[in-house]
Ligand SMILES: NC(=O)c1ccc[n+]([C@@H]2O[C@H](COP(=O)([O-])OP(=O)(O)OC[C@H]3O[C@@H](n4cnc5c(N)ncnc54)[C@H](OP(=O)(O)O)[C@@H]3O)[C@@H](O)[C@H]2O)c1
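As structure tokens, one chain now follows by itself in the form predicted alone.
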């Protein structure tokens, strides 16, 4: 996945800027990890698929600064802060972290299943909160100027139908990000969210498949005057928010929606 852009437009990072990206094996996470690497950062890419991570590293600009840490984040969730500490011991203190791993599944209220809903909240909400707990330990981050970026969703503020659990999990992330930004502002740690609308990723296509939609991009195209998004539409803002250029920005939620107009939003 090529999300590179001219350095004269986007910020530069140093090799000493170590940034952890979860959900990096595909979709938005992969796009962000690839772009950060091309801008000079040392990237720790985590995802469930070793094969996809290998392919991403082979395709990135600087493979020697692209480290793979395959992991199922639902495995021993309570130990995630210690996992972050282990990465720091291996690669150095973290300048940034991107929590991009997530899942979505159609769930109207009358079809809500507690176990399925809990799994959505585990990966979309509790995992990033536990990762943030590890990151905000002063032994694990680079100090003033360190930054966390959560991937929220437009659904948190403008939900479609059949998204009860998903919408709730992303709304919780956005609200908690604001709280964390206030709690750690005195330490100089910045915390922000990007909340995309529908982006052409495996998550989008998987959700559409569960709905029985065989032509998902055609089905949603009327909602977006600028067309459906791609990971390359999200990655540049992510890089900016992680950089020192965004040094006075924290506690914000940026909605990227391609001019969403709500037409046909009947799921």
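Numbering follows the first chain given and starts at 1. Everything numeric in this text was worked out from a predicted model, so none of it was measured.
Quick note: we don't show the form predicted in complex with this ligand, though the next part is all about it.
- Candidate site formed by 89, 134 and 241: none of these residues places a non-hydrogen atom within 4.5 angstroms of this ligand in the model of the complex.
- Contact with this ligand, judged by heavy atoms within 4.5 Å in the model of the complex, is confined among 179-187, 162-170, 135-143, 107-115 to 162-170.
- Within this chain, residue 203 lines the site of this ligand in the model of the complex, having a heavy atom no more than 4.5 Å away.
- Mapping the unseen interface onto this chain, residue 74 counts among the residues with a heavy atom inside 4.5 Å of this ligand in the model of the complex.
- Among residues of the shown chain, residue 237 is not one whose heavy atoms approach this ligand to within 4.5 Å in the model of the complex.
- Taking non-hydrogen atoms only, residue 43 never approaches this ligand to within 4.5 angstroms in the model of the complex.
- 101 is the sole member of 101, 147, 84, 193 with a non-hydrogen atom lying within 4.5 angstroms of this ligand in the model of the complex.
- When you look in the model of the complex, the only residue of 223, 48, 65, 57 with a non-hydrogen atom within 4.5 Å of this ligand is 48.
- In the model of the complex, just one residue of 120-142 lies within 4.5 Å of this ligand by at least one heavy atom: 123.
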